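Next up is one chain by itself, shown in structure tokens, the form predicted on its own.
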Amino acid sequence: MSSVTQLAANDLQQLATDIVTRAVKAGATDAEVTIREGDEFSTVVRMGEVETLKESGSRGMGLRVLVASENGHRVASTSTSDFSAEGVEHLVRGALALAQVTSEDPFAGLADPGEFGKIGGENGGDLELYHEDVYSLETVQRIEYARRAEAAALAADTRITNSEGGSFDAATGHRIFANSRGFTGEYRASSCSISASPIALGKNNEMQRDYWYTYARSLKKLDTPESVGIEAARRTLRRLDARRVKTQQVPIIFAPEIARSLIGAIFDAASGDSIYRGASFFAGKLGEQVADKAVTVIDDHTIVGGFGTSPFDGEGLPSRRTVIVERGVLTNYLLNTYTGRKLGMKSTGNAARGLAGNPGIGAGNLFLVAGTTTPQEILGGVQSGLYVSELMGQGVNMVTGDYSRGASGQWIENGELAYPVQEITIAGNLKDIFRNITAIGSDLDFRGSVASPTLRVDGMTIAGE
């Protein structure tokens, strides 16, 4: 067995630093290596029977090299799943050969050495991303979790006659990163989830489906399969016998799981890639009022146990907390090293990457700071309006802010949910939507890396009959 193969099996961090050294010796001015390995399990039970059962493992590594030239750097990357000595040699030679034919870029380059500080957030402690218990269950027990979730949904009401299944998923991952500026780091992460997606039959034999789920880094933190199934059933049943409504302007309340797409739009608009290309309605708006004064949006990569937490970003810079919008004012763009240089600014630690290619821009734990009003109080303040529980389509223009998406949900009358509605479109402009957020709920709950409380937005148009 070669020394490289032994290192791949016993010390992937050492392998990463060795490849960086090889690349520099072979002619790279700078180099960085990403190694990822992981395991995944997934099962779907439909109508009590196992429909799919998947278990897999993967491992790969990527190399990015930068070769100094007269007008900047030439950059290239390669990736492989071959960890043998021959595979590593091919990885290095391939990247350097590609770099000879790429264009020069005056903004390309690794972060300055002084930017690679203490990793793991402000305290540098355990971020609690990895829990071994996600793989503590036997396969038969994992299947039973999925079966229990579906069974609870099917038993909730006689109108639930079918199912797209109950599921159980588990995954673990290990990431190693090293570069020629002296940075080396690694971390492990785990996740598991349970979901159910029942189908109900309405008065006119109309079928409706919905779903619910629980997602956590540890098996101990999952909701019970039964609670998932019961909530999935409730959400499905409330869609039955839906109506259309007339075209009109009314207050719209976005459920938390739907409101988070609006918060994601704020991130996209503040992304350095979009800003330097002039492809965002936030371009040139730094320091200006872009939302209601009640709106504060934060991107935090340091929350212990968070779904978007990591000790360092895709370039090895320490994780941090960045306020994007504070009391309605756009205070920061989200940048990696490249976009920062393009804009004459510093990275905000938002570099994200796969095995190959240049770093992009990625979010950590992105959220809208909760208000003090309960969802019930927000609902009670609307005499006539729409509670949105589903959005469809991708009708969002990040250059102009124009927003138009298919929607369904519940009609509000006298502060209460009256009946389901469907086959409608909601429209407006994000520049106005953010300024017309008139109520923010107290119900912030992370069920993923992007989270929002309940939101009320005024001034949007519902297109219906």
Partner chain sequence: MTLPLSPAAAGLQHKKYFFDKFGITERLLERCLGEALSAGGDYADLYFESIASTSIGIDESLVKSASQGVSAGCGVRVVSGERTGYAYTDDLSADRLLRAARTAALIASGPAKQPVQGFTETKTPSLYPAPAVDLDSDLSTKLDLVRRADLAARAYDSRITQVRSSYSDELRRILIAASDGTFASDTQPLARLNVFVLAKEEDRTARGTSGGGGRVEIDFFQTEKTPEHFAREAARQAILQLGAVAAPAGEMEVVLGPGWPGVLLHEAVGHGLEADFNRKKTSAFAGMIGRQVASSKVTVVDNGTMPGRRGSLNVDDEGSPTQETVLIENGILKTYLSDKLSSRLMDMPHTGNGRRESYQQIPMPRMTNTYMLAGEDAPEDIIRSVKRGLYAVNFGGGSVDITSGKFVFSASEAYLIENGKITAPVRDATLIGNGPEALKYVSMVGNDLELDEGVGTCGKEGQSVPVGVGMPTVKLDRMTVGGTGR
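These numbers come from a predicted model, not from an experiment. Numbering follows the first chain given and starts at 1.
This protein has a second form, the form predicted in complex with the partner chain, left out of what is shown; the following refers to that one.
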Val140 within 4.5 Å of the partner chain in the predicted bound form, heavy atoms: no
Residue contact check: Glu40 to the partner chain in the predicted bound form, 4.5 Å heavy atom: yes
Partner proximity in the predicted bound form: Ala356 to the partner chain, non-hydrogen atom cutoff 4.5 Å: yes
Close approach of Tyr276 to the partner chain in the predicted bound form, 4.5 Å, heavy atom: yes
Segment assignment from 313-321, 183-191, 163-171, 370-378: heavy atom within 4.5 Å of the partner chain in the predicted bound form: 163-171
Site check Thr80, Leu98 and Ala427: each within 4.5 Å of the partner chain in the predicted bound form by heavy atom: yes
Single option in Arg147, Arg175, Arg239, His131 placed near the partner chain in the predicted bound form, where near means a heavy atom within 4.5 Å: Arg239
The partner chain in the predicted bound form - contacting residues of 436-465, heavy atom within 4.5 Å: Thr461, Ala463, Gly464, Glu465
